[in-house]
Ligand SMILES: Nc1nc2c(ncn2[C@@H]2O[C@H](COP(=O)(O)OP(=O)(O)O)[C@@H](O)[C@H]2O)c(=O)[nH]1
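There is one chain below, alone, in structure tokens, taken in the form predicted on its own.
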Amino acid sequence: MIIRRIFPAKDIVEIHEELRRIYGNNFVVIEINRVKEKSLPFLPFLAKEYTEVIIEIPDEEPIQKQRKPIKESSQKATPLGESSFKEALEKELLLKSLEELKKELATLKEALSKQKVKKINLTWDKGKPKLDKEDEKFLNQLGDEALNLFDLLLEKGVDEKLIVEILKHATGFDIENKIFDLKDQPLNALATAFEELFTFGRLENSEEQTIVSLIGPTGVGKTTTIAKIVSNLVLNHNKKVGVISLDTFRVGGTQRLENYLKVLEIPFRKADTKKAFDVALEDFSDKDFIFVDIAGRSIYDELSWKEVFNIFSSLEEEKLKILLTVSFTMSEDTILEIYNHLKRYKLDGWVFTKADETRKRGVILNVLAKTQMPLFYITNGQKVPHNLLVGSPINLAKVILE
């Protein structure tokens, strides 16, 4: 026999106890539903919630089967209705948990899918994609660490094509997972790639006398950088150094340099003519390094640049190192414009200053890749003799990842 009962909204366990008081243990719960009945249709907020329970009571068994000796079983029977009720409740809770889990998994899958698409959202250049299909295929096979590095380099301003080349040298193929991921920690993996892709210069390794001049636009910190490099050579490499200044008009900058050199007992000369310059060179004939400080000037001042390089014309090309000095704060286009305007003269390498004043440090990688000129030094602050990094794969990686 099927019976439908309505109870005021209450705990299901309480309802079960009430059913046991009414029907004993001889019933089975078939269905449980929550229903609302509106006693006042025009006042929906007064709607009440009820619990509908449908149970089944088995028909009475024959008298013969009911008359059993008491001693046949001494165990207490488990109420059939209580067991069925618990099973129905557990099943309902399990189904709800499974539905919630499915929703969470679907949400997570969608989020991961969007995240990966964002990581390899490539740009277009003049109506054409910057990367070819092979490069895109490679990016789609990158592991999480390599993708994170891709994002970081892109944020730093590195060109997408160059990032692909960097990652090809920084990653290895994981056969088990069928992905390309970093060979080592990001710092070491990046340094490994830089060693393959870029060139680096070291003044410290020079065995013969070397004449060094930092040239470039005004305001990039050439004079301060000379003081840092000279300090490094004297204090860390026991080199003998002399400094000549051709900047005879900017009194303040020259005076600061001269005062610092006095502390290190480094000889200093001023030269406003080629003859004075040649005399200073003779005075420093016993030095390992001679640094020439030149005032910054506009790259469009052709006459001024010709005068500078005319002073160097009598020097042996092997002994002269001209380092083009620019700032991290400059745009890539500006740096390349300076380089293209001065590359007609002898240029031997790069010095990049003021790394501490910008987050877009990836510009240096684009410039190194496009010019193929060695990196000699990086400065990352104003302190002398500190805040100087010699050009090396690991130091370049540190600057990019900071």
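Bear in mind that the values here come from a model prediction, so they are computed numbers and not experimental data. Numbering starts at 1 and runs along the sequence shown.
The same protein has a further form, the form predicted in complex with the ligand, not shown here; the description that follows concerns it.
- Although the partner is absent here, residue 232 sits far enough away that none of its heavy atoms falls within 4.5 Å of the ligand in the predicted bound form.
- Interface residue remark: residue 192 is not counted as part of the site for the ligand in the predicted bound form, having no heavy atom within 4.5 Å.
- Among residues of the shown chain, residue 354 is one whose heavy atoms approach the ligand to within 4.5 Å in the predicted bound form.
- The shortest heavy atom separation between residue 385 and the ligand in the predicted bound form exceeds 4.5 Å.
- By the 4.5 Å heavy atom rule, the three marked residues 221, 256 and 379 all count as contacting the ligand in the predicted bound form.
- Residue 217 is the only one of 201, 157, 217, 186 with a heavy atom lying within 4.5 Å of the ligand in the predicted bound form.
- With the partner left out here, the ligand still marks one of 354-362, 334-342, 368-376, 25-33 in the predicted bound form; by a 4.5 Å heavy atom cut-off that stretch is 354-362.
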